[in-house]
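This document opens with one chain alone, in structure tokens, the form predicted alone.
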């Protein structure tokens, strides 16, 4: 391979509370409640620093519920629940397609409440998967790297820019390794549905030896440090949360289309505390009523009106359509085409 591979440090944990787990855990933190009567075990793809304000506010309103918060990639979360039947009370993921497969294959409990009833139809599925954020896939650029040239406004302009300035962007483009990242695979497959330009863009990035990542956070860090000139398909909420600390980076929302990911929660079939899980789902479903949490986390809540204001926004809809690219043959073909584009000589 001519491109470098970059990933967050992953640790294989074998913890008594999770059994002899083979799925990889990126981190864990326990939040004891002052009057604890139950511990809610959550497996999530959201970083602790992003999700912690939500946990603390939830516990302020529910002081008897302790939280055992485990971070894993979306593919490892899927492995934990679908392959290993690991016991968790709530699964939170940015990979909508994998969450849909969990529900479709019988790994999710049904739940409904007044709070979930108010969610729009496109933000829930079969009363088993519930969206609580709408997060765009964005491009993050380094201002220093773009001195003297205009940033692109859409994918066609990005393709032209990369072709015309190879010396500026050689080994300085970051994007997801779609083989290792569930969110990355979701964004890539949606890109391929929305525009033929995706495959041309992938070929250009391959010729420039794009650097591949498992997480948005690592891409943002490397844009900030100057190692990358730009990162493509970064989760926008993570980029927004870093702006105050990284003044040298900029977020670009393309005007041809913007994929909008819905971060979702589901109650696993083997959850021990489904009642308390439902209480947290209700809390998440009503994030729009807590603007202070939006400001602290940079997680935009479900908001149909806001989506209508941006004609380029393309919310990724929950439902069986997300299972298409999880079909074994289709996934193998997609990944083969992607690898061929990235590894071209």
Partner chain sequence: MTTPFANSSIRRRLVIQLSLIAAILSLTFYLIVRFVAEQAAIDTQDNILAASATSIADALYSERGEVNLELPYSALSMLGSISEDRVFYRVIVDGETLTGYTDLPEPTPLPIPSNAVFSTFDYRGEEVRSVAVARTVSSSGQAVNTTIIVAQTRLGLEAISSSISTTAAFVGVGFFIFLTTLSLLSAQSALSPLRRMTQSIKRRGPHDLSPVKTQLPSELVPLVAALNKFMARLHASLTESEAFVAEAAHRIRTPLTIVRTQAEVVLRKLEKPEDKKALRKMIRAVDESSRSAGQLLDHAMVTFRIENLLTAKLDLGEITRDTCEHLSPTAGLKDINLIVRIPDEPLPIAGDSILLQNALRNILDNAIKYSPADSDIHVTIEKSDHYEVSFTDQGRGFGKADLKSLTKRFSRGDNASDIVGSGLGLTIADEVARAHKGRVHIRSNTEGPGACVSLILPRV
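All values reported here derive from a predicted model rather than from experimental measurement. Positions refer to the first chain, counted from 1.
Only in words, not in the display: the form predicted in complex with the partner chain, which the text now covers.
Residue (of 106, 247, 166, 148) lying close to the partner chain in the predicted complex, criterion heavy atoms within 4.5 Å: Looking at the other structure, the residue within range turns out to be 106.
Listed residue (179, 101, 272, 200) with a non-hydrogen atom within 4.5 angstroms of the partner chain in the predicted complex: Here the answer is residue option 101.
Proximity of residue 23 to the partner chain in the predicted complex, heavy atoms at 4.5 Å: So residue 23 does not count as contacting the partner chain.
Residue 257 within 4.5 Å of the partner chain in the predicted complex, heavy atoms: Outside the cut-off, so no.
Proximity of residue 124 to the partner chain in the predicted complex, heavy atoms at 4.5 Å: Looking in the predicted complex, residue contacts with the partner chain include residue 124, since a heavy atom lies within 4.5 Å.
In the predicted complex, residue 29 touching the partner chain (heavy atom, 4.5 Å): Residue 29 lies outside the contact set for the partner chain.
Segment that reaches the partner chain in the predicted complex - one of 91-99, 257-265, 236-244, 124-132, heavy atoms within 4.5 Å: Only one stretch qualifies here: 124-132.
Stretch 190-206: residues contacting the partner chain in the predicted complex, 4.5 Å heavy atom cut-off: Contacts from 190-206: just 193.
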